[in-house]
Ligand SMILES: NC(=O)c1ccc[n+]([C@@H]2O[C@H](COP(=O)([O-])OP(=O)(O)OC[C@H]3O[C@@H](n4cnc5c(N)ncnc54)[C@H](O)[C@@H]3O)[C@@H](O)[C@H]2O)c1
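Only one chain is shown below, in structure tokens, and it's the form predicted on its own.
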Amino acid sequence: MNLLITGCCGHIGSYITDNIHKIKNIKKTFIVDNLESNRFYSIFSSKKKNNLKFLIKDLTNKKSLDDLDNIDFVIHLASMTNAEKSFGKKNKMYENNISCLKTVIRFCKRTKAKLIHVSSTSVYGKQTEVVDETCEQKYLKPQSPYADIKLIEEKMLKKENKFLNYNSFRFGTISGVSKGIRFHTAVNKFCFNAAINANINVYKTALDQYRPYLSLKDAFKVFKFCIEKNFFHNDIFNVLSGNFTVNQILTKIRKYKKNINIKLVNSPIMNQLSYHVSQKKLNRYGLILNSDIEKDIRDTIKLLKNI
């Protein structure tokens, strides 16, 4: 079987690309990125056993995948992802991400490839109770343009329900080390600031508020499970390693960096929200995710220990 990964140079994409050999029956993997982020290093020292073919492609061009065929599965990760900065570039993010997904849908319909789409738990926004996938559209409270776009993408896939085999996974905030690691998400950003002795800014009421987090190791388990089990239900699933408060994350960081500088700020920032997400739906299918976020924190701090 052949696999296509879009956005292969990103935080998640580069981790999957490095570990493809752990997924059974994948003979060849085509990896695609537009390299706008200049993350050439993400494809350095690729393992021969992964059998990769790298292609520079801009998926905003709807015909960019027309020269590819014989693909069984697509993992779609090509998108602009920084939720906090999405407020300043809403139109650009909308145009880019929606165009990319349209191209991928067009490709999957033509080739009959099965699609793994990554959404986000940030579509829930601030909630007072534990939320799951049954949360009605009118009660979803996305707090950023990025989260708004993810809801639009989910609706796009639902409209193609008769013509596609897919899953849409609402990922928690990613943690963990990869070649394409980024530092705009909470855990990684906190670890980076701790490593350079910079202030870790936390909204003044956020310390005891919950957020869902997802280890890269668990994210990979989801992709592996889908492909090996042929698990495609044309449905939405929450994916997380656990729900933690900001204070719990900071406590884990202190185990590896004792002296950290917490600064409580008045201006609302992205970690002000609180919501507790259930993943019982995915558990019912036999996939249990519980990788230790603390190990991700340890590895990230270790990565930065000499600065």
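Worth saying up front: this structure is predicted, and the values here are computed from it rather than measured. Position 1 is the first residue in the sequence shown; the rest follow in order.
Omitted from view is the form predicted together with this ligand, to which the following refers.
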Location of this ligand contact in the predicted complex, chosen stretch of 160 to 168, 226 to 234, 199 to 207, 143 to 151 [non-hydrogen atom, 4.5 Å]: 143 to 151
Exercise: E36 in contact with this ligand in the predicted complex, heavy atom 4.5 Å: yes
Contact flag, T245 vs this ligand in the predicted complex, heavy atom cut 4.5 Å: no
is_contact(K57, this ligand) in the predicted complex, heavy atom dist at most 4.5 Å: yes
Contact label in the predicted complex: L77 to this ligand, heavy atom within 4.5 Å: yes
Partner-contacting position among V123, C108, I174, C191 - heavy atom within 4.5 Å of this ligand in the predicted complex: I174
Residue among A219, A113, V104, V118 with a heavy atom within 4.5 Å of this ligand in the predicted complex: V118
This ligand in the predicted complex reached by all of H11, N96 and T185, non-hydrogen atom within 4.5 Å: yes
